[in-house]
Ligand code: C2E
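We begin with a single chain expressed as structure tokens, specifically the form predicted alone.
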Amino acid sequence: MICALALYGQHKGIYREVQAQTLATLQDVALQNKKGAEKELSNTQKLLADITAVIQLRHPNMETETELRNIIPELQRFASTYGFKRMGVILPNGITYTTDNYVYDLSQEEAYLYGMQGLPNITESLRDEIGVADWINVFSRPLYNHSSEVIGVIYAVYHTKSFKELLTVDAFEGEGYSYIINTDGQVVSDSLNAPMYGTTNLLDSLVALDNRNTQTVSELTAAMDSRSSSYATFEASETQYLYYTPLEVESLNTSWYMLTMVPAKVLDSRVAPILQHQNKFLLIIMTAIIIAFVYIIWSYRKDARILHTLAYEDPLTHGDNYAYFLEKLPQTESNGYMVALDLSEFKLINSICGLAKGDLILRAVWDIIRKHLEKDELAAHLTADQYIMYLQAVSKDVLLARLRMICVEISGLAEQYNTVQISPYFGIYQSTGTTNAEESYTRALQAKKLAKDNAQKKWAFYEEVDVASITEKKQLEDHFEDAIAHHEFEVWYQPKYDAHSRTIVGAEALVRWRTGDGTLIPPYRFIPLFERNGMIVTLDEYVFTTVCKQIKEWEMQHKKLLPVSINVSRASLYYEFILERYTEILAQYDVNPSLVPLEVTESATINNQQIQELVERFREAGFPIYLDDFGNGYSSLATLNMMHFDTIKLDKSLVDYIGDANGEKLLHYTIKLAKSLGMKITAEGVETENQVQFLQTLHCDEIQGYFFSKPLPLAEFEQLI
């Protein structure tokens, strides 16, 4: 009897221990699911925020329905790139236009109602009957005009199946499953293996399954009101354990909860071997107890390994992720090299060869990196084509030798996988233990950007980074939108003169930046920066609009109208709707296109059929087209035969040849060829009387340069004309 009582007490203790371990594991799985769901929701909403910001930057003057509909082609590219089922824009009247060519009324839907109030939103699961019917979630954000007024809503349709896959974790031998619900019980998503309890409202379904669940649902409702976490049980076909916890996600206009369940039979199955042998001999029972303990430990470790995989394994490469990298880094030697790596042209692989081929390349790059790691060294895949390494080497030369080997093997992947050529770039920061991991990685990223800007080498050390220059550029970028809004950019005018009569015949528009405190920032400090980051598109349009407005004012003041040429950057020529946008501005101010010639550089047009066709469309719309900076180290006389330009602007480097016999011959035949093709000639950078007289003998048409006038602010230019 004593033995039996002892064994019974032991069984009860074991049962309670297994129950506690099961519930602890249930909580761990629930919290891991919560973390993954929060990250996915936040990342997707941030992606939509970035897309909306790009749209607002590219279309700062959206007001009409036509202008709002014009963003659909850009949304189509974003939807394709990021795997959304569709994207769309909702007009102020509630009508939506989508990237898959549907038009319908959303005036009663959450996306519209919250968006027009200036609120981002994520919906519960909805049944999408448009196109291929399936379950979706809708992410939405308000769309603002330049006056910060809500003029519509941008939204992205997200496949609910992606949530299902995210929530499907191989826990409890496949018996565990999860739901995300709102406080009303509506199902936002569930895991792929979750039972279908009936309706889309989980709380109503639980009560309908068994009246005993009424108390559980009441407890859940109260817990959700107080946003607390805990355990519960409910009855379905069998008793189920449940752990519930709130989701913490911005942009939710209602509270969401993560519910993770496991059948009670999982617990019973773990202690069943003990219960089946409780009436046998002591030796057999003790043996069974030992076996049960072994099983419990193994099961617990198995679940722990699953949780470790979720927390520390990169889902694409199945190698280490950044969280594992940060945890293990303090255990390494304090002196080493933090190396940031990414791949050039990787976006081309995804767009040309497909996402599956891109994933193959990313896994192959990880295999190469891992193969080159030595003892006590670390690496991790971060996101997309970005990796981080912590390497140790006795010198920089030894380190670079290792990176060259990695570079050669990664470059060889293009031939192996039949893709476009790729090449890695490395940013390197030598850590001495005085900086934390995040700061070290940030410095490695700054060095990597320097390496990418220099096509001659594949790596750069942080010591080479001009931190002051980076800070200044960041400040210029951050202040750009305010500078546009407050008209800090001034248009100056450099006059052009007839080469023979020496009378003013036009001007070129140039831009200067005068900050709020009166400081004048020269163009060389911000133009190249904005050309690299794409802001030049907005600045080009700003200058074009300012010149058109000024010409209209001169016309209303009955002043003499002279053509003012405007530079159009390479980036603006890649903007899909630039012709339509510029013609809209002309119509707004009722300006003849002949008064605003456009200057383009040869490097922007050569070997690019699409841009050549765009330039020709500008000419057909009435814009005179000037070829700018001809002779500036890139020019080819063949270009003059490839495209028709109205005027060729000779660069100062050619004008400076005057006085050199060979240089003067080059000028003579260049001008003669251009004129034989029906083009006018403007000489830039003319500074001396001798240069003017020589250009007159060559029948040059117009002269621009300091000999006649430097660039002038508006007031001085108006006095001149």
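Nothing here was measured: the structure is a model prediction, and the numbers come from that model. Numbers follow the displayed sequence, beginning with 1.
Note that the form predicted in complex with the named molecule isn't included here; everything after this is about it.
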Do Gly36 and the named molecule share at least one heavy atom pair within 4.5 Å in the predicted complex?
no
Exercise. Can you check whether Glu602 is within 4.5 Å of the named molecule in the predicted complex, heavy atom basis?
Worked result: no
Contact flag, Ala232 vs the named molecule in the predicted complex, heavy atom cut 4.5 Å: no
Tell me, yes or no, whether Ser569 is in contact with the named molecule in the predicted complex, where a contact means a heavy atom of each within 4.5 Å. yes
Of the candidate stretches 312-320, 411-419, 621-629, 73-81, the one with residues having heavy atoms within 4.5 Å of the named molecule in the predicted complex is 621-629
Answer key: of Ile527, Ile291, Ala485, Val150, within 4.5 Å of the named molecule in the predicted complex (heavy atoms) is Ile527
The one option of Asp50, Glu664, Glu687, Glu63 with any heavy atom within 4.5 Å of the named molecule in the predicted complex is Glu687
Contacts from 526-541 to the named molecule in the predicted complex (any heavy atom within 4.5 Å), listed N to C, are Ile527, Ile536, Asp540
